[in-house]
Ligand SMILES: C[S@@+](CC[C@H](N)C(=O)[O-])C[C@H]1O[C@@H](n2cnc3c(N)ncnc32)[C@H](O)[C@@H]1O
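As structure tokens, one chain now follows by itself in the form predicted on its own.
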Amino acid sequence: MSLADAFKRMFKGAYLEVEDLFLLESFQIGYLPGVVPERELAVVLHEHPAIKHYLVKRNPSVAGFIEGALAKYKPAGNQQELADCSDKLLWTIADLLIYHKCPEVYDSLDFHNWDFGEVIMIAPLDGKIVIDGGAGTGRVTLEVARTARHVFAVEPVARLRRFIREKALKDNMNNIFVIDGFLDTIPLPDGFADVLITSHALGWRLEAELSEFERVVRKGGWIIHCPGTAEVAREEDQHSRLISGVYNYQFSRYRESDGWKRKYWKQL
């Protein structure tokens, strides 16, 4: 099954259109080389030069990739070819677009419904300062906020940050602080937090992320990744790195609706 088909199943009922490419943020545009199909991208950008201009202006690092694709592939020969290429391109990066266009669809996915007790059994959160790294739609943030003193939700996507704030306001939670940031560059001081949690977020820049976590968590504090990895071949390298002598994470297995997962933790 292609990535586009997998996302169509995952985000059933969502509607994407070419103009949604204008929603992409600079760092997301940087992900496109090596992910999007070049021919389909070229066909769409030949037809929509304003989108090409936007992508390059927002992230100049992709200019060479885009110009190369445009030089390699011709415009669509007919409307059906254009429609097919547009569909494949959009659904290959549907997760990035859904974050912006309809975060409530992403928030409703089954994989968010894991048992938060898997975190609580590792470290108490009562009265603690907690960082939710890669907060997404804020599922972990709101769970933590029920008992923690303060929760700092670190999330790079502006629309998701707004979504978390909306949920916090609706639930009348005033101990949540939503901030812009990446897991490898968390905009908080050294030794700031008692606990740092990631969920389905670890691994874009693994080495830098793991180092940054140990910077922002105080001595004696906890770092927890739950869920951390799935028991699938493509995540075995990350699993091995986490439990290696360099990082010394402990781990255990638990079952979710879509299979076995692993959680990791360490106390500094």
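So that there is no doubt, residue numbering starts at 1 and follows the sequence shown. Predicted model, so just to flag it, every value in this text is computed and none were measured.
Keep in mind the form predicted in complex with this ligand is missing from the figure; the text below concerns it.
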Task: this ligand: the contacting residue among Phe192, Trp91, Tyr106, Tyr73 in the model of the complex [heavy atom, 4.5 Å] - done: Tyr106
Open item on the list: Just to be sure I understand the contacts: of Cys85, Leu183, Ala153, Leu125, which is the one whose heavy atoms reach within 4.5 angstroms of this ligand in the model of the complex?
Closed with: Leu183
TODO: Although this ligand is absent from this view, report whether Phe111 comes within 4.5 Å of it in the model of the complex, heavy atoms only.
DONE: yes
TODO: Would you check, heavy atoms only and a 4.5 Å threshold, whether Leu160 touches this ligand in the model of the complex?
DONE: yes
TODO: Tell me, yes or no, whether Val130 is in contact with this ligand in the model of the complex, where a contact means a heavy atom of each within 4.5 Å.
DONE: no
TODO: Spell out, yes or no, whether the shortest heavy atom distance between Ser199 and this ligand in the model of the complex is within 4.5 Å.
DONE: yes
Task: Region of this chain that lies against this ligand in the model of the complex, out of 116 to 124, 74 to 82, 169 to 177, 133 to 141 [heavy atom, 4.5 Å] - done: 133 to 141
Task: Residues of stretch 15 to 39 in contact with this ligand in the model of the complex (4.5 Å, non-hydrogen atom) - done: Phe27, Tyr31
